[in-house]
Ligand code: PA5
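Taking the form predicted on its own, here's one chain by itself in structure tokens.
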Amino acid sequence: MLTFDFTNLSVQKVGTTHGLDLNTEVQKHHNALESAIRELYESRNTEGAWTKWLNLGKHQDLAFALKSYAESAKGKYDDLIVLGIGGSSLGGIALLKALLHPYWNNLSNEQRGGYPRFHFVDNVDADVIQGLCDVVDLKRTLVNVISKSGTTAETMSAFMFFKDKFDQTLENPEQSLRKHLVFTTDKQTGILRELADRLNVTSFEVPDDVGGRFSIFSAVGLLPAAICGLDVAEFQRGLQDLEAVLSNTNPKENPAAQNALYQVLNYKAGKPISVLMPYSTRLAFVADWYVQLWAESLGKATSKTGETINVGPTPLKAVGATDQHSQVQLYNEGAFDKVFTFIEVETPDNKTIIPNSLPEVSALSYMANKGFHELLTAEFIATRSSLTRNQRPNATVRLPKIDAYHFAQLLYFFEVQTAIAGSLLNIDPFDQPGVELGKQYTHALMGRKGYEHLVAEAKGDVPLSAV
């Protein structure tokens, strides 16, 4: 499974000013951590607790249903278009980018094994949305619409666009449209649920009490994975195996609890920026997913008891070795306001060697006949060591390899860590009230009925004192 190295967060490695006495801190906060772990896992079946994402590894019936649907769809479509935003897209993108061929969409149908190319529409950008229609054959395209309520403006506007295109393109669209759509939505209510019933569209459930940013291992993320040929059961196996470790109420044996504590202590010590830096291009979108998870979960105005506290670390994405050449100067010599988490991949799928094709250039000979992964690992170790030497606290998550089993564990680790960090900060990590006002203003500006009273406020015409 995953392994964890917190050594470079310690006073022994980064000094007394910026380091932590790791064992002492875990012992000091033992009761708080133990309580947070216990409460988290005991709430997993409690209505309204928003922790049912902890159960997603046990839904074998979902794995069977997704596999059956994917098998029925195989060979019928050249392209899969996923319409979703935020938690309805970031996890799916991270998953497919990590586990499929890095140039999957450029492979031939034969090379893809009959599985479709994939495209995510996660913004209301007309150039991108119309441009996608220029490169796909809608008669050979499946559109997965993801929205629990069916009212998400960005997702539903894109769906309205593609439905119109289907109506114009398909022969007898009233009969054939359902073959080009699959919905991921609420089980019982909402616009997409009504449309699924009326149009006879296949649908999968967004589970109750599972927030979008914690939904990747529901049908939200696993349906696109299955359609593109990935084994859903392997994700679930990874989740179940790591759960045995992360549900352990002894924080000394629980790495998610430990890193949650170390992150929170660094935040409270004046390091409000949390950098996630995977040393793998395939995991670059994991950092995007982490940014939403950390920001939306931990950035809160009020405590659980209603006090105004305005807390929350700021997540930042970096990718090694690319961002050694854009950000590491700041990391090494800038303000002491950051804590770093690296992701190291121990065993690559691809062991391509750097050939000795320039033997006459002696300055480059040191790289010849060594693997690209060896160079990437050397750059990772060098960056980590330079940060440590400059007293910048950092931790490392080691991924044995990039496959479905370990990928699921990696994201599950961050989910549990986030939930425990929320408990330590005394906030609710599962709501997002700060997002709602912007949604209401958007509805007002677009003329949605019932929001007329907010138009002036949304335009900024109302002084703050009057709001």
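What you see is a predicted model, and the numbers here were worked out from it, not measured in a lab. Numbers follow the displayed sequence, beginning with 1.
The discussion below concerns the form predicted together with 5-phosphoarabinonic acid (PA5), not included here.
- The listed set 383, 218, 274, 152 contains one residue whose heavy atoms approach 5-phosphoarabinonic acid (PA5) in the predicted bound form to within 4.5 Å, identified as 152.
- This chain is drawn without 5-phosphoarabinonic acid (PA5); in the predicted bound form, the residue among 251, 212, 278, 116 with a heavy atom within 4.5 Å of it is 212.
- Relative to 5-phosphoarabinonic acid (PA5) in the predicted bound form, residues 34, 304 and 418 are all farther than 4.5 Å at every heavy atom.
- A residue is said to contact a partner when one of its heavy atoms sits within 4.5 Å of a partner heavy atom; residue 392 fails this definition for 5-phosphoarabinonic acid (PA5) in the predicted bound form, lying far away.
- Interface membership of residue 292, defined by any non-hydrogen atom within 4.5 Å of 5-phosphoarabinonic acid (PA5) in the predicted bound form, is confirmed.
- 5-phosphoarabinonic acid (PA5) is not shown here, but in the predicted bound form it comes within 4.5 Å of a heavy atom of residue 432.
- Under a 4.5 angstroms non-hydrogen atom cutoff, 5-phosphoarabinonic acid (PA5) in the predicted bound form lacks residue 319 among its neighbouring residues.
- Stretch 78-86 is the contacting one of 78-86, 120-128, 338-346, 170-178, since its residues have non-hydrogen atoms within 4.5 Å of 5-phosphoarabinonic acid (PA5) in the predicted bound form.
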